[in-house]
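Quick setup: one chain, the form predicted alone, written in structure tokens, and binding and motion questions come after.
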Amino acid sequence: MFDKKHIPHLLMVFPFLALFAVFFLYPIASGFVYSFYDWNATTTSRFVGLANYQRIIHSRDFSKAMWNLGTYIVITVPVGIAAAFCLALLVDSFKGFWQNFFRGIFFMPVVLPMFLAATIWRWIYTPNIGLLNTIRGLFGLPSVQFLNDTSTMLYSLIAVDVWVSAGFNMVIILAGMKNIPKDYYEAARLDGASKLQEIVYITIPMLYPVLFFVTTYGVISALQVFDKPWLLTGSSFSQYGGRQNALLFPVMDMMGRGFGELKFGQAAAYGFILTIVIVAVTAVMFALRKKGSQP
């Protein structure tokens, strides 16, 4: 039952609730309504029911984008975490100044503006005069069209993502390593354990919550990937996705339908499909986490 003594508390949180309703709840509700309309912002909207959802799910671009996304997640997340774990072990082996120095060096790609990182990597991947092809040329190997060959485009993007995300994950894993009691390692050394055995039987099990966090964060981030493939493939609505849509991802497809083709109803429906996918994947991961933590 409502108690008048709560009125001052409600008045205090009212500004936040008002902003939350205006800038969060209202756009979501509007987007959900628009997802059932055929609307291009210049003509009168027309109610089409679930047609937008059906067009998206049955389109070849959606299938291609989801395939690229699945491949991207399966490779990027474990490779990125493995790279971050190795970097954390390396940085943890240093002390004092050098530990801070290498931690800053490896973390630098995280704070680098994405457009600058993409520019660097576009130069690295440039045919003939790029860094990678110059090195290949020294060994007599032919030039590779990293961002124009459908067999290498996705892996070129994965390399960029691992380079960017490894520093962020390294800092989190390194913080987790600092919280592992040193007594465990001292006891293991007294029993004659090797460095590898310490990592396998002490470090990794004790880092389980941290590794779960970086895995969940990595998967959710990968589900929303947009800026890296967008910048690597030209950053325009006429070029997004690259050759044969080898770098087409769901968020890019959604943006292309909305701002490239002015199909705002389909873009809104696409957004809700992605939201359902992200919520479902997150729920599955937390269910697995809960199941894995049970004795």
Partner chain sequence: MTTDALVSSATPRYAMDLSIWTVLKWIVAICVAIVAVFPIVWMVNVVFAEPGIPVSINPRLLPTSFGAGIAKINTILSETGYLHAYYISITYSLLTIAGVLIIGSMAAFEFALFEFPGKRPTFAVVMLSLMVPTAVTLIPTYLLTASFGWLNTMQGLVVPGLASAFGLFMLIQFMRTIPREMIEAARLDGASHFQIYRHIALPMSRNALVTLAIITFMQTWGNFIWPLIVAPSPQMYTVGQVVGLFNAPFSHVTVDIVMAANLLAALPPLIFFLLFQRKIVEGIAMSGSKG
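Residue numbers count along the first chain shown, from 1. So that the term is clear: the rigid core is the largest set of C-alpha atoms that superpose within 1.5 Å between two forms. The structure presented is a predicted model; accordingly, all values stated were derived computationally and were not measured.
Not on display, but discussed next: the form predicted in complex with its partner chain.
**Student:** I need to confirm a contact call. Of 112, 144, 180, 199, which residue comes within 4.5 Å of its partner chain in the predicted complex, counting heavy atoms only?
**Tutor:** Checked against the cut-off, the match is 112.
**Student:** From the list 119, 215, 148, 71, which entry has a heavy atom within 4.5 Å of its partner chain in the predicted complex?
**Tutor:** Looking at the other structure, the residue within range turns out to be 119.
**Student:** Verify the contact flag for residue 6: yes if a non-hydrogen atom of it lies within 4.5 Å of a non-hydrogen atom of its partner chain in the predicted complex, no if not.
**Tutor:** Yes, residue 6 lies within 4.5 Å of its partner chain in the predicted complex.
**Student:** Given that its partner chain is not shown alongside this chain, does residue 78 nevertheless sit within 4.5 Å of it in the predicted complex, heavy atom to heavy atom?
**Tutor:** Residue 78 lies outside the contact set for its partner chain.
**Student:** Report whether the minimum heavy atom distance between residue 204 and its partner chain in the predicted complex is within 4.5 Å.
**Tutor:** Residue-level check for residue 204: no, no contact with its partner chain.
**Student:** Is it the case that residue 47, even though its partner is missing from this view, gets within 4.5 Å of its partner chain in the predicted complex, heavy atoms only?
**Tutor:** Residue-level check for residue 47: no, no contact with its partner chain.
**Student:** Let me test this: is every residue among 24, 131 and 163 within 4.5 Å of its partner chain in the predicted complex, going by heavy atom positions?
**Tutor:** Result yes, every residue of the spot touches its partner chain.
**Student:** What residues in 207 to 232 sit within 4.5 Å of its partner chain in the predicted complex, counting heavy atoms only?
**Tutor:** Read in sequence order, the residues that approach its partner chain (within 4.5 Å, in the predicted complex) are 213, 224, 226, 227, 230, 231.
**Student:** If you line up the core, does residue 20 shift 2 angstroms or more at its C-alpha between this form and the one not shown?
**Tutor:** After core superposition, the C-alpha of residue 20 moves 2 Å or more between this form and the one not shown.
**Student:** Cα of residue 10 displaced 2 Å or more between this form and the one not shown, core superposed?
**Tutor:** Passes the 2 Å threshold, so yes.
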